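This document starts with one chain, in the form predicted alone, laid out as structure tokens.
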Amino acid sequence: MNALLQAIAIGVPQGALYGLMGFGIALIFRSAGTLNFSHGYSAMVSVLITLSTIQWFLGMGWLEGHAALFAAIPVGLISGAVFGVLIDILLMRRVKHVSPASMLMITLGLLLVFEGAANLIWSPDYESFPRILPGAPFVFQGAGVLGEVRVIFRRNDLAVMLIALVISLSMAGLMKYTKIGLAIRARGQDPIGAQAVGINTNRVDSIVWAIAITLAVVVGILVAPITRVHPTMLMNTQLLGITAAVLGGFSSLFGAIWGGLIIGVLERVVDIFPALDGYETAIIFFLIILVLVFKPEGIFAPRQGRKA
């Protein structure tokens, strides 16, 4: 029982990161109509910019400790938003009416460009990154139905869950109650109809790219203390983010978050069984195959989300 609860305690924050990554990927897919394979790599560059800003603050002696981290985070987030807007304006906008395959190839090319730039401008070395919430973990102990319960919660995991919850609620409010949210939803559902009612779809696409890459930067900053900072630090997170979007359904943005939570918990629960050690990824992708075969629109997609 303790092992299962501990697996859930670790899997939920991990899955929240997959879900946020998947949310951004699904957002771009619904708006631009392409799968962004450079998603995590563009965020990785922004994380490196954040780390360089931290080191600059520390080197100049202006800030110390976590003050430097929290002062550098806005720089990284803004750089992610700028990357998103530039990718859309300079590249995607020029080919989105030509061929979906062209857009896909551009994202694959950007993946290599961002990875090469990180190696050239910074280095392929692994760099440490400060935790958002450092300190000793919290230990919960109590009596349960099946005996004594003891679960350890890492402080950084608690920060991840809180941040993920705040972002999810903020995105829900943005999409449902604001004009830009309504414009994004209209653009994703019917681009021609959106233009007919006066929505500037080019502007909406740029905003979508900015939001999506910024969310990926948040994920990167939260992952960095665990993986450390290096050019491929978000490769697995991006892959599982795409998986979360597939599992939840690309037609349901928040389905990607639920899909990420399922994957994160499943990944940790599988570790409980020694016979399945090392097969976590295989089991997750077997689940994805089943979903694609029996419910290709995703398990959280609305009925109208099914496409012929």
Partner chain sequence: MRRTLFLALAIVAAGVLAYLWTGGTYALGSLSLVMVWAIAGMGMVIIIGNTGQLSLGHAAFMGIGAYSTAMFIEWLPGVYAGMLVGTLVGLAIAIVFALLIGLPALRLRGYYLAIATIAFGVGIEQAIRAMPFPNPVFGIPHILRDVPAGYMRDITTFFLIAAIFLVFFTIGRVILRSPFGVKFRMIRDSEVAARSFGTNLTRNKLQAFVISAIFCATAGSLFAVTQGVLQPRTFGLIAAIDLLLIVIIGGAIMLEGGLIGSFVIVGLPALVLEEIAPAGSLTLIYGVLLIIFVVALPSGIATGLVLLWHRKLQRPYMSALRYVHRRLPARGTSVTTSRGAHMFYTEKGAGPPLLYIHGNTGSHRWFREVMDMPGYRTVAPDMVNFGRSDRIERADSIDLYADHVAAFIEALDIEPCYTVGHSLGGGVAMSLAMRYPQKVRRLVLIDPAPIDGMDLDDDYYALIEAIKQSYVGIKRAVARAMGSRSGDRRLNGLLAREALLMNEEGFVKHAEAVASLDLRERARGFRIPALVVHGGMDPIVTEEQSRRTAQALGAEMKVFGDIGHALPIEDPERFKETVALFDGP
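Numbering follows the first chain given and starts at 1. Quantities reported herein were computed from a predicted structural model and do not represent experimental measurements.
One more form of this protein exists, namely the form predicted together with its partner chain; it is left out here, but the text below deals with it.
Novice: Can you tell me which of 44-52, 64-72, 252-260, 30-38 lies within 4.5 Å of its partner chain in the predicted complex, counting heavy atoms only?
Specialist: In short, 30-38.
Novice: Report the residue, out of 191, 130, 181, 100, that has at least one non-hydrogen atom within 4.5 angstroms of its partner chain in the predicted complex.
Specialist: Exactly one listed residue reaches within 4.5 Å, namely 100.
Novice: Of the residues 106, 223, 151, 199, which one places a heavy atom within 4.5 Å of its partner chain in the predicted complex?
Specialist: By the 4.5 Å heavy-atom cutoff, the listed residue in contact is 106.
Novice: Residue 86: heavy atom within 4.5 Å of its partner chain in the predicted complex?
Specialist: Judged by the heavy-atom cut-off of 4.5 Å, residue 86 is well away from its partner chain in the predicted complex.
Novice: Within a 4.5 Å heavy atom cut-off, is residue 218 in contact with its partner chain in the predicted complex?
Specialist: Taking the distances in the predicted complex, the answer for residue 218 is no, it never comes within 4.5 Å of its partner chain.
Novice: Does the 4.5 Å heavy atom contact test between residue 279 and its partner chain in the predicted complex come out positive?
Specialist: Residue 279: contacts its partner chain in the predicted complex.
Novice: Would you check, heavy atoms only and a 4.5 Å threshold, whether residue 111 touches its partner chain in the predicted complex?
Specialist: Residue-level check for residue 111: yes, a contact with its partner chain.
Novice: If you look in the predicted complex, which residues in 162-199 sit within 4.5 Å of its partner chain (heavy atoms)?
Specialist: Counting only heavy atoms within 4.5 Å of its partner chain in the predicted complex, no residue of 162-199 makes contact.
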